Structure formats: C-alpha cells, structure tokens
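Have a look below at one chain only, the form predicted on its own, in structure tokens format.
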Amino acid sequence: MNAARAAAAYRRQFGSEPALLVRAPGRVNLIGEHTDYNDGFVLPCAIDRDTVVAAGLADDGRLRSVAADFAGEDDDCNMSSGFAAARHGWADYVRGVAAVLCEAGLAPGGARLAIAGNVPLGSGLSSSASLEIAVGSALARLGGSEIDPDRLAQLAQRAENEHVGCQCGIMDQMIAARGIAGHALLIDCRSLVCRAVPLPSDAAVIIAHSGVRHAHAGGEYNDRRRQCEDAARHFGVAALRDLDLTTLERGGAGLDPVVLRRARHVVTENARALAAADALAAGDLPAMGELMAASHLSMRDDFEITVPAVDELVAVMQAAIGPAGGARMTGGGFGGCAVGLVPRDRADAVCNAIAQGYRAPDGSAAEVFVCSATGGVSLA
C-alpha cells in the first residue's frame, strides 16, 4: 500500500517512474527506555508499519521531495548548500539525512523523492527513524553505494541530532536498519552488537495509541539527556551504563534528587532489558510481564515521562492481560503508545478491553493494532 502511494506521488510530482522504492519499518520498544543515549541496552522489534520512499536521480543538483501523507507538500533545496531549516517539519529530516550523506560522500548530485508511510506520527513508534533510514538508504543507492546498516543508522542518528535538534540515541535508527523478522533485537548501544531474540510463536504484540501526540525535537526529551549526563559526571563515568545500583545508592549524596531519580531509572532499566531478553528467549511471558510493569513504574516515578492518559491505558491493558504477560509505555514518553505482550489466544480479549475501557482525553477510542516483527530496511 505505501509503495503504491509513494510511486503514485512520484509520478504526479515528477512525471516519470521512480528508479527504486525503499521501505524502512517503524518499531516498538519492548523494554529499555532512555537507555540508548546512556550507552545501555534496549530490546525493540521492527513492526509491520513502514515508510516507503520512491526515488530517482536528478541532473540539476537539487533535492526535491514530496510527502503524500501531508496533502502533497513539497520541498526543494540545493544538494550542495541548501540544508537549512525547511518550511515543513518532515522536510528537516529529509534535508538532515541528505546533508550527512553528502558530507560522507554517499549521496548523488541530485535526487527526487516521494514519501508515503503508515507509522502513526507522535506515537512513540519512531516514524522519524523510519523516514530517516528509508531516505538514507534510497539516497545512498542512487549514489551507487551499498551502505552498511550500522553506518546508515549512525548517519541517520547524526542527522536527527544535528539537523532536527533531538538528541536521541541510536536505538530507533538501528532497529529500522537491522530488524529481523520474527525477532526482537537486544542492542548494546555502546558497541552496537545486536543479539537476535526470537519472539515466542504463541505471543502477540499489541500496540495501543493513547491519543496524546508527543514531539521530541528539544524540550523535555533533551532535558532528560542533560540530567543523565550530569549524573554520569557526578560519578566520574563515561555513561550511566557504567553504574550499578549499589554504586548509585552509595554515591548519590550531594546529587540533585531529581537527577538521582533519573539515574536510578537508567541503571535499573538496563538490568531489566538484559533480564527481559533472557525471559523472552525462554518464552517466559509472566516474567517478561513483571519486568514490563516495573519498567512502567520507573518511567512514571523516576524518569517522569508518562502522562495520565498513558498510565490509564497501561492499567486497562494490564488488567486484561493479568499475570500472563505485561504492558508498559513505549517510546520516548510524554504521550504516544503503550505496548502489550500477551499470549496470542488472549489478544482479542485485550483489544476488546481497550475498546471498552479506555478513552483518550478528547473522548476518542484508542487506535489498536496487533503487530508482527518484521525485517529492517529493504527494497520495496
């Protein structure tokens, strides 16, 4: 569907057929929140919602883009000097990726792009990284390069950090680039070593949108990162990944209480992510559920990134799941989605409970979908 929409938008805008179609998935993080930029551990999986870029070469030295999902909004800039802020927010991601690829010698002299996707915006499912990885892969292919997935992820992260202004970690870009069908990935965000963790065949991943959209380009997200860096400096470590809970508790005197709570979330969340990978690999959904519940409480109380609507949605999901699995907020916070991991034969009951028991602040029902774990970036 997205491939057909992207190709049609390309034909309407540019009057020719695209040279290639590239897709990159969104993602859901099962556990490990705000640990990636602390050199820690995360456990996401790529999902069967994606962004598709239809792409072709241009010989005029310009990058022209059109967004099918924004009523055909378009953007036009010079490939050698036109990467200042754009008129439309989505175009900043496109320009940012193009800028870092140009600096790396991986972009063509000019390109035309048409973009279509179905990753919900502001949902915590990483529509931004999906867009970045699809655009980066498309531009590199047009430029004649087969870019390594790890390098593509690092360049896309740099684009978001330097050109969009969100100081995100590497998780979203890595899972969009390296996802494996049927698996989550335990990612060591320091070494970028990934361990494929099979999802149990009898488990369902349920995503429910709270109806509260978030925006991470600056603001609270960047504040949390600064607080984590303050804590690391206090303890004299490179990153909070290097602390254990005992050291944190013994050495916290003199640290701002809020900063101490932020650090406690990261330290305990790293431990939960590692334990969750083992529980998932063993097919132990009750143990996974306990870890997800503890993660949500830590995000709510120590990291303070949930909102009342998300807390309510998680409570509705957990009540329906019971001890057979778990639910938690997923994504950077301040709105977005909750994720549930449940036995497949309970998926319908959980979806029905959400439909009956939750309403967004504007009174609307939650958007709910049962996801499959898919592969990373590829030709569409």
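Residue positions are given as counts along the sequence shown, with the first one as 1. For clarity, every value in this text was computed on a predicted model and none was experimentally measured.
Keep in mind the form predicted together with alpha-D-galactopyranose (GLA) is missing from the figure; the text below concerns it.
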Whether Ala153 contacts alpha-D-galactopyranose (GLA) in the predicted complex should be assessed with a 4.5 Å heavy atom distance threshold; does it? no
message = Can you tell me if Leu185 lies within 4.5 angstroms of alpha-D-galactopyranose (GLA) in the predicted complex, counting non-hydrogen atoms only?
response = no
In the predicted complex, is there a heavy atom of alpha-D-galactopyranose (GLA) that lies within 4.5 Å of any heavy atom of Trp90, even though the partner is absent here?
no
- Message: Can you tell me if Gly335 lies within 4.5 angstroms of alpha-D-galactopyranose (GLA) in the predicted complex, counting non-hydrogen atoms only?
- Response: no
Of the candidate stretches 44-52, 62-70, 345-353, 324-332, the one with residues having heavy atoms within 4.5 Å of alpha-D-galactopyranose (GLA) in the predicted complex is 324-332
In this chain shown alone, the residue from Pro108, Gly211, Gly169, Gly289 with a heavy atom within 4.5 Å of alpha-D-galactopyranose (GLA) in the predicted complex is Gly169
Near alpha-D-galactopyranose (GLA) in the predicted complex, with a heavy atom at 4.5 Å or closer, the residues from 30-51 are Gly32, Glu33, His34, Asp36, Tyr37
